[in-house]
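First comes one chain, alone, set out as structure tokens in the form predicted on its own.
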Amino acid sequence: MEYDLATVSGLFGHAFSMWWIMIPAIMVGLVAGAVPGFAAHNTIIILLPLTLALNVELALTFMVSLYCASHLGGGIPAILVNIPGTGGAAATTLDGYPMTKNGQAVKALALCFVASVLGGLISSIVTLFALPMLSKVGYYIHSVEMVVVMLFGLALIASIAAQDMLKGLIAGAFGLMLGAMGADHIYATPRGTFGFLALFDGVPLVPALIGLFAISEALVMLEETTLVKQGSQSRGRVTWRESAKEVFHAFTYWWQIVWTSILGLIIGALPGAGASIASFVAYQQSLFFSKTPEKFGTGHPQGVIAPESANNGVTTGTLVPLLAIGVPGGSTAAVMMIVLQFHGVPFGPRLFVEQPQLAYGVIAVMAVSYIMMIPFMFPMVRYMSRITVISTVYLAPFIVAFTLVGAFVPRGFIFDMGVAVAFGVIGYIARKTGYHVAAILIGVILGPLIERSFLLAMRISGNDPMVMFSSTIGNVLWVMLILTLALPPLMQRRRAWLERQTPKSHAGPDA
């Protein structure tokens, strides 16, 4: 299949012709992403009879549009009520919710929607032209490199711990300890399960996420009358002009959206990485390159843009290994793989030879679905921000009841609702004693993934620890990781030294 203007315009024209199935899928995806527990893969599984009844092109269009919209929807509750709708939106809470508390919910939602739409659109267009090259990323990234990539996300704990080093590291270590629960990855020996069969697969992520953020936040809410801090300027009604102003202002951060979305695309192309790792790594790297790192965590716009653009850049990346080598890049891609196998679609090089229109058409559909989300931005910014004026007396019980259902849905275990309550109590105690719940969550998410990749590398090398430094790409990543951890304190010291020297250097003769 040759790339020229006529071919690309034909792919996009054909994708636009399926608008009638993309719009319902986008609306369902927005709702699925905004409701904790109802992720894209769960929703697609529920609607599996529909996708199997459609022809392969329409089924793939429906699933892809729903998948993209769910990643955008996950940031809505993360910003408004500190409850990430999906794991990829967990990093969005770090600055999104503080903006809401400061009366800037409209601005935070505008940043979220623009970063999500542009991030997904940019990554889709890049993938459309770089698919053959991106498909080879999985061949060069092995368990050693995956360990270092995940350590970038784990390094965010150190950034969070900068405010209170001891409490930050304790929270991160506690999260890693909780993440170690479950059966051992090599010998399947149960660890810390307390005899509960439901914990043999490890701590269920969705109940842990819901407990640490949703239930603990609902308990904290009851201590206040509204979400917005006293003295902050926030109105329930927002005009269309104000919504448009905030949306257009979000486009001024276009450069950060570009590079974080491409970062999410690359991480998404790694089988097993996923949106959670991409969003945390993007947040940590944005903090590293920022001129004002001290503003992160206080309601900084860049802290909303980075995880959201990377989170949506992953959507395209997860389909790259599925299409190129037949290995799903995530749980949603695995469900899509089942549908494609049902329709007899080949994977790998055969797909690009036998059905190139379908292979490249999927990426075009992703780009078009993000374009179709643009009209949804203005009404969502205007109306959803009104949640902030609802009294917490009504909002907190609704959040607890709603999210407990979300904790039950993924696996269908009543036990998971108890896990959510337990993590809610842990999160509430952590908040009241000054420990950061995000550090705990990072340990719970990334701990098992790092352990699995590390043990795999050690088993392959015959338990030789030097295997961690045996790869050229891995060594480059190690150097980048060390620089990421070492440079910020050095730059901060240099900045403080320059500030002390500046008055002396500008002192006049009368000083």
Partner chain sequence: MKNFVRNAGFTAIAAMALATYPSVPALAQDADYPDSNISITIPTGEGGGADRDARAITKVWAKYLERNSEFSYYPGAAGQVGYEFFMKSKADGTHLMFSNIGPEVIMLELQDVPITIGEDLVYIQKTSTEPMAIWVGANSKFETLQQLIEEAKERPVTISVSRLPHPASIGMLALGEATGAEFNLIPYGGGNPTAMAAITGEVDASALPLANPITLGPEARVLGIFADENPVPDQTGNAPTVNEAAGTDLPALTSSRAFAVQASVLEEYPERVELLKKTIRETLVDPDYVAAVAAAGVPVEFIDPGDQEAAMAEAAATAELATKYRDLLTGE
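Note that the structure is predicted; figures quoted are calculated from it, not measured. Positions refer to the first chain, counted from 1.
As for the form predicted together with the partner chain, it is not shown, yet the points below apply to it.
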Would Lys101, Phe251 and Val381 all count as contacting the partner chain in the predicted complex, using a 4.5 Å heavy atom cut-off? no
Just to confirm, with a 4.5 Å cut-off on non-hydrogen atoms, which of Ile387, Leu358, Ile325, Leu205 contacts the partner chain in the predicted complex? Ile325
With the partner chain left out of view, choose which of Phe342, Trp255, Trp240, Phe129 has a non-hydrogen atom within 4.5 angstroms of it in the predicted complex. Phe342
Please run the contact check for Pro375 against the partner chain in the predicted complex: heavy atoms, 4.5 angstroms, yes or no? no
So in the predicted complex, is the partner chain close enough to Ser143 to count as touching (4.5 Å, heavy atoms)? yes
Even though the partner chain is not shown here, does Ile45 get within 4.5 Å of it in the predicted complex, heavy atoms only? yes
Report yes if any heavy atom of Pro321 sits within 4.5 Å of a heavy atom of the partner chain in the predicted complex; otherwise report no. yes
Name the stretch: of 343 to 351, 85 to 93, 111 to 119, 273 to 281, exactly one has residues whose heavy atoms fall within 4.5 Å of the partner chain in the predicted complex. 343 to 351
Considering only 177 to 194, what residues come within 4.5 Å of the partner chain in the predicted complex, judged by heavy atoms? Ala183, His185, Ile186, Tyr187, Ala188
